[in-house]
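Next up: a single chain in structure tokens, the form predicted on its own.
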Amino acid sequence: MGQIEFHNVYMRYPSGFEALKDVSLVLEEGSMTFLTGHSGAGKTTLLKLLLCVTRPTQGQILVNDVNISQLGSRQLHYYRQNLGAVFQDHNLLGARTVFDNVALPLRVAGMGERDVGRRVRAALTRVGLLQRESLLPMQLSIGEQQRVGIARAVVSRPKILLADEPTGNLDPELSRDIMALFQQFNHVGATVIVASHDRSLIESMDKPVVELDHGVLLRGRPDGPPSSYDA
């Protein structure tokens, strides 16, 4: 699972606000792509559609040729097991240790504790926090908390990793560290989509860019010329 296709996708909220307008694009399996645009451009809505938190008003979203908007509850559960998501507000459980925060999706899935321990420690090692596993989130820096959120997102070894403004609260050096982590996961095969408005950071990464403006796709059309940000 990894290739993503949007075909003439519209998203209109009950209020009447049209968040996406006729968006068509293809993101290849194993790619790393940046999604950019001003606040309210439609970046978060696009990610929510991929997470199946909401469904498009019109159009199709295919993941490996499967229309995810038509998934039943059982199929949707399986689909989401192959997704990882990271947010600017990482929503860690303050009363749980770093280990327990990262272990949460595995325990919800019913994995045995021996395998949970192995998976969690491998994920914490990847983000450089193995020695912090017994601490509470409030004992960590903001950058460390974000890395815990990333470890939780990848502990299930998802095929697709989505990140919504993951560096919004971080300084430039920490932002580069976080992006390097996403590159590592992309290098081992995950399809990675990062929503960010940080143009300088995006340009430094030398990756393809999809740009939205008031719900309209400006850059990244599969049938159009490459953007000035595209690799």
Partner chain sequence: MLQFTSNRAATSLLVWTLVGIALALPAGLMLTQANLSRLAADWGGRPGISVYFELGAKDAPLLAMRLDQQPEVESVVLTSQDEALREFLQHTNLHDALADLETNPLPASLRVNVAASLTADQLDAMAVRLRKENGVAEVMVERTWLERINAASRLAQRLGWVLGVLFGVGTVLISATTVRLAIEAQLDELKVMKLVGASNAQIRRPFLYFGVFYGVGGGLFAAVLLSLGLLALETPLRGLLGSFNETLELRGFDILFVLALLATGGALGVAGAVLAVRQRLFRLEVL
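Positions refer to the first chain, counted from 1. Since the model is a prediction, treat every value here as computed from it, not as a measurement.
Note that the form predicted in complex with its partner chain isn't included here; everything after this is about it.
Partner contact region in the model of the complex: 88 to 96, out of 113 to 121, 88 to 96, 140 to 148, 126 to 134, criterion any non-hydrogen atom within 4.5 Å of its partner chain. Interface residue among Val188, Ala180, Val53, Val66, judged by heavy atoms within 4.5 Å of its partner chain in the model of the complex: Val53. Under a 4.5 angstroms non-hydrogen atom cutoff, its partner chain in the model of the complex has Arg80 among its neighbouring residues.
Residue contact with its partner chain in the model of the complex: Leu71 places no heavy atom within 4.5 Å of it.
Using a 4.5 angstroms limit between non-hydrogen atoms, Lys48 touches its partner chain in the model of the complex. Contacts between stretch 138 to 160 and its partner chain, counted in the model of the complex as any heavy atom lying within 4.5 Å, involve Arg152 alone.
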